[in-house]
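Encoded as structure tokens, the following chain is the form predicted alone, with no partner shown.
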């Protein structure tokens, strides 16, 4: 075993966030990964933690249950206005998959795993195909140029997750607005707390409705589920419902829009997929690796002493496992800054790893494959309607993407 090293406080860096190219992580990560892949990190609230950028270290950290997802204080490597203990006290009983550890996490995930099996997601294929086709038909009939975000990228996963959960799609404007507030690192404390209260109250009313009037959907199934003799509490149901609703539309929506920008910026990519649709499933995997839209990494808390990447993490310290940097590690992915649809290594970390690996990853794959298949087939000459460097990006959002993507095509 190599001897663990430490870094003195004065050498701590702040998390790089400024991109030179909108499709690439900040270039500093290449240097950090090469020179000191495990390094001291200064958090905005003043305390020190650790940043890991190498694929093997990030993967190992995600699999290590000594690095907890249950954070004693809600902290972020980039959020300017973190919440205080008093702020989060009313939500202290919120227990969803992303902020619990085994055995509580095991109990909750077991209930949900059966709802998101590969078989069930594939069974949804016809319905997802129909939703995508309906929105593309409407897009073709509408005025041009068109914003792909508002007519396709956001509506498709929003409608899919609403139908799965049993959430009225007519309520999408409210939950999309609250989601955006919670994922924006520049949101004020008041904006964050208002969004949390509003979306929890909304989900709480929905849970009560499902209890009194069951319907055929995932939320109803969870309300009436028996978790090993222990039904889910109201707070657990609310927390899980909010998580599934936000994650179920935000991530896929941004992958659709950002993936389309990536393909249209180099039109040979779009033309390649139009001509060879059999490549699309592999292209989806490569886009997931290449774009890694959870742009600031995942935060963990050391419950005990942990050695990782040649350093010692002390109990109580926070670590950031940086997914975009790991997915561009040349030791794992040769020529990592090249988008290669024939890449054979698809073991990326875009969906995380370990017990917290994204539960909805198969659903996301089905949605992305269906969308890019029909979009490239229907509009083989789709093009950007604005210069690529004029596309507004979601630079301050935890889930990276584009705010608007104007496109046009020839009839």
Partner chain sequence: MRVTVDQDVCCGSGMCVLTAPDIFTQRDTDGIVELRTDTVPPSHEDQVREAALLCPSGAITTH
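These figures come from a predicted structure and were not determined experimentally. Residue numbers count along the first chain shown, from 1.
Here the subject shifts to the form predicted together with its partner chain, a form of this protein not shown in this document.
Student: Flag residue 357 as yes or no: does it have a non-hydrogen atom within 4.5 angstroms of any non-hydrogen atom of its partner chain in the predicted bound form?
Tutor: Output for residue 357 is yes: heavy atoms within 4.5 Å of its partner chain.
Student: Indicate whether its partner chain has at least one heavy atom within 4.5 Å of a heavy atom of residue 122 in the predicted bound form.
Tutor: Yes.
Student: Against its partner chain in the predicted bound form, would residue 362 count as a contact residue? Criterion: heavy atoms within 4.5 Å.
Tutor: Contact check for residue 362: yes, within 4.5 Å of its partner chain in the predicted bound form.
Student: When the contact criterion is heavy atoms within 4.5 Å, does residue 275 count as touching its partner chain in the predicted bound form?
Tutor: Residue 275: no contact with its partner chain in the predicted bound form.
Student: Its partner chain isn't shown here, but in the predicted bound form which of 40, 343, 353, 33 has a heavy atom within 4.5 Å of it?
Tutor: In short, 353.
Student: Using heavy atoms only and a 4.5 Å cut-off, determine which of 110, 213, 144, 224 is in contact with its partner chain in the predicted bound form.
Tutor: Answer to the contact question: 110.
Student: Just one of 248-256, 110-118, 126-134, 155-163 has residues with a heavy atom within 4.5 Å of its partner chain in the predicted bound form, so point it out.
Tutor: Correct option: 110-118.
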